[in-house]
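A lone chain, given as structure tokens: the form predicted on its own.
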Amino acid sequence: MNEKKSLLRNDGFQTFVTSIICIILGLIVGWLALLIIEPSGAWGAIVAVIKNFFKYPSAPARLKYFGSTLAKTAPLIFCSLSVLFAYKVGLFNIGAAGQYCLGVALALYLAIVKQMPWFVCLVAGIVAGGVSGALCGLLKAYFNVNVVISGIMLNWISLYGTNLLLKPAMDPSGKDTFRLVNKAKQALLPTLGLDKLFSKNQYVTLAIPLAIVVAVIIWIVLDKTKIGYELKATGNNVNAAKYCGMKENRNIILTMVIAGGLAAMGGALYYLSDFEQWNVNASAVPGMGFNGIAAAFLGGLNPIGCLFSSYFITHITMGGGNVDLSHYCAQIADFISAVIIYLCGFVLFFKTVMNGWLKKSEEKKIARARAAAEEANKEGGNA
């Protein structure tokens, strides 16, 4: 019983439980919305969203579309890690979307226009995102400019800068950049043989295992190293960190450089897999950076948790394309994800309720033990 209580008191376990509660409640709300729109097909629609690639009858087809889901999960993992890393140091990297754009910009420009190999394109993309993050960090460290403000402004600068840079890489027959498989095969990410495991899905590349490795590294850096401790200490209290001899300005800048590099890495890897082409007339910042915020919080602000939350959000989002579009829109999956993330704002409330229940349970147990002891004393006295 004590072991059970200690497990329930564990912060990680509580975060896991509350995240599951958020997911279940979000799915229920989504189902209720479907009921309101068209009751007859509501259950089938919510099942279609949840099933995603499981809807396909053959195993090869399921494997292929499972691979596509993983391919789209990889950049979201990097964006969630970017948000998480900054947040752990007391900074809110809302500029992840712009850093993601810059990673795409440099990677595709060097790939298509300059015909560079994939590793050069990837490194250049990471550096571009790191520079963008460094700018936010510098403004915060030396001019006390809120990273949210600078991040939002840089999002739009990065978006239109990306469009401008990638004009020479645009396919004249459309508004998107050239397919790498047609114009820059040397820049395609290696599949490491993973494509064969997923029914020859060429989009299953190095990005997927790399995302897992990076998540583990981030966990080790933040929780097991001296620099991670210093970064978190700076985020918790800048003045205290300064008093202890830590270089607070350096830590702020370093944090944003790493966060920016992570988001850009996600963008570069995604487009170097040739899964999508960049629309050079895009007028909206990619949602991947903002979805990273959702994935980070749904994952309990834990790097390993981000792996699972990023996959879940991608799974649900891609499953939205399976609903009956004659009655519902594919964006129902985005609605469900939004509800789940909104509910994540109540994680602290759920934890408070859980801890309150545990406290009352322990108090009742202590009261029963005292009553039993008093009864035993009375019986002993009577004897």
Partner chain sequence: MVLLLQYTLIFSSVLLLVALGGCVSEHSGVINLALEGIMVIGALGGALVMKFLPYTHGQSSAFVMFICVLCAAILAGVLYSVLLAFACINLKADQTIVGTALNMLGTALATVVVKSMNTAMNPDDHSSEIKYIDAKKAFLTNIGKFELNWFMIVAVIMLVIVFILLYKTKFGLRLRACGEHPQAAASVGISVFKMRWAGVLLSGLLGGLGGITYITAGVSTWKFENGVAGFGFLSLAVMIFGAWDPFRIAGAALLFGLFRALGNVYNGFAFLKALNIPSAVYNMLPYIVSLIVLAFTSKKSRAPKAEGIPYDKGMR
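As the structure is a computational prediction, the values presented were derived from the model and not from experiment. Numbering follows the first chain given and starts at 1.
Beyond the structure shown, there is the form predicted together with its partner chain, which is absent from this document and is the topic of what follows.
A.B. asks: Which one of Asn291, Ser309, Thr73, Thr177 is close to its partner chain in the predicted complex, taking close to mean a heavy atom within 4.5 Å?
C.D. replies: Residue within 4.5 Å of the partner: Asn291.
A.B. asks: Name the single residue among Tyr243, Tyr229, Phe119, Tyr160 that comes within 4.5 Å of its partner chain in the predicted complex, judging by heavy atoms.
C.D. replies: By the 4.5 Å criterion, the partner-contacting residue is Tyr160.
A.B. asks: In the predicted complex, does every one of Phe54, Gln115 and Val323 come within 4.5 Å of its partner chain, counting any heavy atom?
C.D. replies: Checking in the predicted complex: none of Phe54, Gln115 and Val323 is within 4.5 Å of its partner chain.
A.B. asks: Indicate whether Tyr203 is a 4.5 Å heavy atom neighbour of its partner chain in the predicted complex.
C.D. replies: No, Tyr203 sits far enough from its partner chain in the predicted complex that none of its heavy atoms falls within 4.5 Å.
A.B. asks: Taking its partner chain as it sits in the predicted complex, is Lys64 in contact with it (heavy atom to heavy atom, 4.5 Å or less)?
C.D. replies: No, Lys64 is distant from the partner.
A.B. asks: Would you classify Trp278 as touching its partner chain in the predicted complex, given a 4.5 Å non-hydrogen atom cut-off?
C.D. replies: Close contact is absent here: in the predicted complex, Trp278 is far from its partner chain, nothing within 4.5 Å, heavy atoms only.
A.B. asks: Counting only non-hydrogen atoms and a 4.5 angstroms cut-off, does His327 reach its partner chain in the predicted complex?
C.D. replies: Within the cut-off, so yes.
A.B. asks: Partner absent here, but in the predicted complex, which of 152-160, 230-238, 177-185, 101-109 has residues with a heavy atom within 4.5 Å of its partner chain?
C.D. replies: Within 4.5 Å of the partner lies stretch 152-160.
A.B. asks: Looking at its partner chain in the predicted complex, which residues in 131-153 have at least one heavy atom within 4.5 Å of it?
C.D. replies: Leu139, Tyr142, Phe143, Asn144, Val145, Val148, Ile149, Ser150, Ile152, Met153 sit within 4.5 Å of the partner.
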